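Shown here is one chain on its own, the form predicted alone, set out as structure tokens.
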Amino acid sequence: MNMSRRLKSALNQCAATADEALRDLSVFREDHGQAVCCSYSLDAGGKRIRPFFVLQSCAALGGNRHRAVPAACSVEMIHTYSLIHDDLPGMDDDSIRRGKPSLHVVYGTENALFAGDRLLLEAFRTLITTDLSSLRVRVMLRRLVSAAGACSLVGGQFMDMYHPDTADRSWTERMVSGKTSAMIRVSMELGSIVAGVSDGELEAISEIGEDTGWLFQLTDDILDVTGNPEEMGKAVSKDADMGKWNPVNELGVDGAKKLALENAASISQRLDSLSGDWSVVKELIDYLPERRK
């Protein structure tokens, strides 16, 4: 399946909106080492999928996308911080990220640590500038803190770093729920909260976001076997080389692809049950099983 013109345009537009807003943040225009390091990683590109989910979830529910921009920046900063730290020698020790040398390769491990820390803190400072009531902003902060915290993103990274010799399916599911799903889930949550979603529908959206994160990880696992570094912009086959369980190991490439198609169809069907127009999000979901990077 080729990406539709409409989906490509929506992805590009969301990425451009997030990039412009990130560049406008004064902290990254400062002329000193930390700002330069942060800008290096933020400017390295990337698909800006999390900002896409923030902005498109808001738009799907008829919200003002401009009000969702701080949240879009926040999730991208947290995602970028996690990649910076994930690439460090003490963790995954990756020298390539988004097709460029990893931050620590260019500026050193210490600067990479500080840049990641700064991005994490700036994410929360940016979120509180959202043009909404203080009560709604507190709700957004609570959900973002939870998604980035010890029981989610950080916890998943910790599990991934200290995985057992036989990292079975149950362990991997818990790890992926934190490391991958949490930030995609909260991206959809934040955009929906900006739009004024009801509590009941927010939980349905949250569950869809969780499963969408799983779909991303499943397609990553497939690409880890079938992709190449040029397409992916990073090293491939590392998980398989480390002996971690993943669906491809159990089901084979064809079985994993079939599962990805089934999961995408399920998510797409559940999006149809939500209020609003989720058609652009559905296009991305349907495209994911065929993606090459």
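So that there is no doubt, residue numbering starts at 1 and follows the sequence shown. Since this is a predicted model, take the numbers as computed values, not measurements.
Below: the form predicted together with geranylgeranyl diphosphate (GRG), not depicted.
Answer with yes or no whether R98 is in contact with geranylgeranyl diphosphate (GRG) in the predicted complex, where contact means some heavy atom within 4.5 Å. Judged by the heavy-atom cut-off of 4.5 Å, R98 is in contact with geranylgeranyl diphosphate (GRG) in the predicted complex.
Exercise: H104 in contact with geranylgeranyl diphosphate (GRG) in the predicted complex, heavy atom 4.5 Å: Because no heavy atom of H104 falls inside 4.5 Å of geranylgeranyl diphosphate (GRG) in the predicted complex, the answer is no.
Could you confirm whether S146 comes within 4.5 Å of geranylgeranyl diphosphate (GRG) in the predicted complex, counting heavy atoms only? Flag for S146 set to no.
Should S177 be classed as touching geranylgeranyl diphosphate (GRG) in the predicted complex when contacts are defined as heavy atoms within 4.5 Å? The answer is no: S177 has no heavy atom within 4.5 Å of geranylgeranyl diphosphate (GRG).
Even though geranylgeranyl diphosphate (GRG) is not shown here, does it sit in the predicted complex so that G46, Q217 and D220 each have a heavy atom within 4.5 Å? Looking in the predicted complex, the three residues G46, Q217 and D220 all sit within 4.5 Å of geranylgeranyl diphosphate (GRG) (heavy atoms).
Name the stretch, out of 186-194, 107-115, 132-140, 90-98, where some heavy atom lies within 4.5 Å of geranylgeranyl diphosphate (GRG) in the predicted complex. Comparing against geranylgeranyl diphosphate (GRG) in the predicted complex, the contact stretch is 90-98.
Contact residue in the predicted complex, from D86, E210, E122, E201 (heavy atom within 4.5 Å of geranylgeranyl diphosphate (GRG)): Only one listed residue qualifies here, and that residue is D86.
Could you run down 153-175 and flag each residue that has a heavy atom within 4.5 Å of geranylgeranyl diphosphate (GRG) in the predicted complex? Going through 153-175 in order - heavy atoms within 4.5 Å of geranylgeranyl diphosphate (GRG) in the predicted complex - the hits are L153, V154, Q157.
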